[in-house]
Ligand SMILES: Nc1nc2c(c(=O)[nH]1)N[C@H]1C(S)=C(S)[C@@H](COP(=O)(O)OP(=O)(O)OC[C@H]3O[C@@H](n4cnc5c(=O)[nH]c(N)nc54)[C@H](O)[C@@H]3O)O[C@H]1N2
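For reference, the chain that follows is the form predicted alone, supplied as structure tokens.
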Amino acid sequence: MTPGGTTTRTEYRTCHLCEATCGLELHLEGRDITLVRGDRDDVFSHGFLCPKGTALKQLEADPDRIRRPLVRRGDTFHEVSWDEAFEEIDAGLAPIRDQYGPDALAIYLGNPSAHNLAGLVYNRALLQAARTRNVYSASTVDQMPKQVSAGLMFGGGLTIPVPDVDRTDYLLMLGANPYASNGSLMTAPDLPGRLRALRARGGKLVVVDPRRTKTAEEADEHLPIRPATDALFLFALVHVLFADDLVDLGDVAAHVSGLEEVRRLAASFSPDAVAPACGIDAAVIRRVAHELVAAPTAAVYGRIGTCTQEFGTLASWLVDVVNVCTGNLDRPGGAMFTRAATSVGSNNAAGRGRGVTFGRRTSRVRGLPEFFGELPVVCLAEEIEAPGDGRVRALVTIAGNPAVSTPNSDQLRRALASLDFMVSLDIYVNETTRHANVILPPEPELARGHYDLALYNLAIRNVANYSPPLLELEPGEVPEWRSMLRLAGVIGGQGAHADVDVLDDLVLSGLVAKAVARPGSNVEGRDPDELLKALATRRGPERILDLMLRTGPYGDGFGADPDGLSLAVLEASPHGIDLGPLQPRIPEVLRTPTGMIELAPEACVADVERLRSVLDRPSARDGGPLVLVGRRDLRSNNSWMHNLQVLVKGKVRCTVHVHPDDAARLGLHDGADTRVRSSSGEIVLPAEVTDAVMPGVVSIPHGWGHDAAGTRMTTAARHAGANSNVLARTDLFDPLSGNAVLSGIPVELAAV
């Protein structure tokens, strides 16, 4: 108790601000956070915490955060009641739906949705109510190539092998900088510490990157590579494995199809043929291939730099081709599959499933195919602007800022301004939501429960950790899950006052019915009413999370295993539960129609000729253009962490990195304003002359450009920076996944 009578307490919670899922120890006085530090007893993070986690206090108290629903009248937002907000939404969306049909509405899901229990549980209900083909997300500016390659090879979009970092002897890392990003599509708290431990036990870390990142500086070896040539480098490794008779599939040999086709494809990508294009010496390529095989265990890992390029899917595919061909897939110390506590449990010993199918619908203007139910975001602006039947006239955004984070951002900003109606669920009036007619805020972070449904599917160790709400809702605050279901009711034609509890019951009933009908489920054949009754004490996302845990691979099966997992068990374990290291899972993890690892998917095979055509592409030193790559910062997460002074203070971070040779040739000076121009636009920002980038390569961080009028992000506006996505083109994307190309963009630089 404080002298003023306020109750003091210590609580524990998982950080939701990046993919690392670190445990927090929070000191509270009443509703106020007085101290944030790492939870030393957390079963996964063991006290590690990056600067973003310590900023939770500032995020919760940010005066620019939206606390009540906002409705725009002219150019001004006004606070209204929740009923008024939904009546406004119904009045705006219903006529559009009735006159133009469901495809006149588009939905965009932002990156924070992956860190949000309510979003992950109820986004599907929202999309089902909308029945629109125009679904977009941050996935197609980030990770879709990896999801597509994993789907083609293993049968599921989240069947992504992750490096068993804690047990590997050799890690080859491409296009990733976990010292800044904490890992991505690889959930691992304190990944820098884990990489140091790898080296301390005699292992080797090799980083392939156009920049000498912090991770590259800490590695045993840094191999600078020309942007967008990762697939060439990886193919050359595969070539050496076959040419030198080093291929050994290990324990997965009986489950691999297409090996000879890969051998045929790799024949023309010898190290000597590839070296001039990628900038890595042929002898080095041969040595790395031999080192991968000679190491007791090894893993190859590629991340955002390998995804956001014109050959993103081929690079993502070849990462796992190398893991398979060196015998390191699905073995301790190699690349392994997580068994998450909420994953679907079934008896699938044969490893067969439906696999993946893309292109079930296409975009109206360019006819680009969908991937995992969503269209490439490079289509969004044209679907709004192009006249004709099926034009997008209304938009719903969920925790997203596409006006900053997607290609040709200036075009999308103009498109957003032309919409007939727009609704946003967000905590800020930002570059995107300033165009909304209605903005609905979520409840405070500490007033909601948290569980990392998505990220624990990609964890380097099997863990489970639930964070209960720490604060009661205050008058006027509404849980985000209720807003999402109420919005689904409006979109589905039930009006502004749809019964949220009835909709929630429908979602749960559907999931229970699937669980009892699933072959091999631990509740197979059970009476659905029995399970519904057992769940009746809860409501909202926690009720559905409890179902998923209890019917998952470690679950109690509603009494079938008294020692099994449930939400009640996690509630009694504030530091989480360690479910053990990753274990071999092939063939049961596979969901391909053949039950095999498809090493040579037809789509990848067909795209190899396109890759072969760039072998002779000139570099900047040979008369080619400068090319742009992004970069990450430990204190930033895309565009949504820039309104916190504690994270943006200090040295200006939104600069263009230029190699000294290029700076001298172009007359650029350190700190001087520099114009960067591409075929789609131009920006001006300070130059930072550094040999941390290769000659011919320039680097700008992603997510800045907070200078738009009409926003309410005071701190971000003072540190506006420049938006690198103005330079990205909507006609430049990876055709196998629809992912935008943000790395390897040709640019010109000039002094201002």
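None of these values were measured; they are calculated from a predicted model. Residue numbers here begin at 1 and follow the sequence given.
Form predicted together with the named molecule: not shown, discussed below.
With the partner omitted from this view, the residue of 608, 663, 129, 634 that lies near the named molecule in the predicted bound form is 634 [heavy atom within 4.5 Å]. Among the residues 295, 174, 626, 416, the one placing a heavy atom within 4.5 Å of the named molecule in the predicted bound form is 174. In the predicted bound form, residue 112 approaches the named molecule with a heavy atom inside 4.5 Å. Looking at residue 19, you'd find a heavy atom of it within 4.5 angstroms of the named molecule in the predicted bound form.
With a 4.5 Å cutoff on heavy atoms, residue 640 counts as touching the named molecule in the predicted bound form.
Taking the partner from the other structure, the named molecule in the predicted bound form has no heavy atom within 4.5 Å of any heavy atom of residue 736.
Taking the partner from elsewhere, no residue among 157, 275 and 457 has a non-hydrogen atom within 4.5 angstroms of the named molecule in the predicted bound form. The stretch in contact with the named molecule in the predicted bound form, judged by heavy atoms within 4.5 Å, is 305 to 313, chosen from 330 to 338, 305 to 313, 197 to 205, 568 to 576.
The single residue of 40 to 69 lying near the named molecule in the predicted bound form is 52, the criterion being any heavy atom within 4.5 Å.
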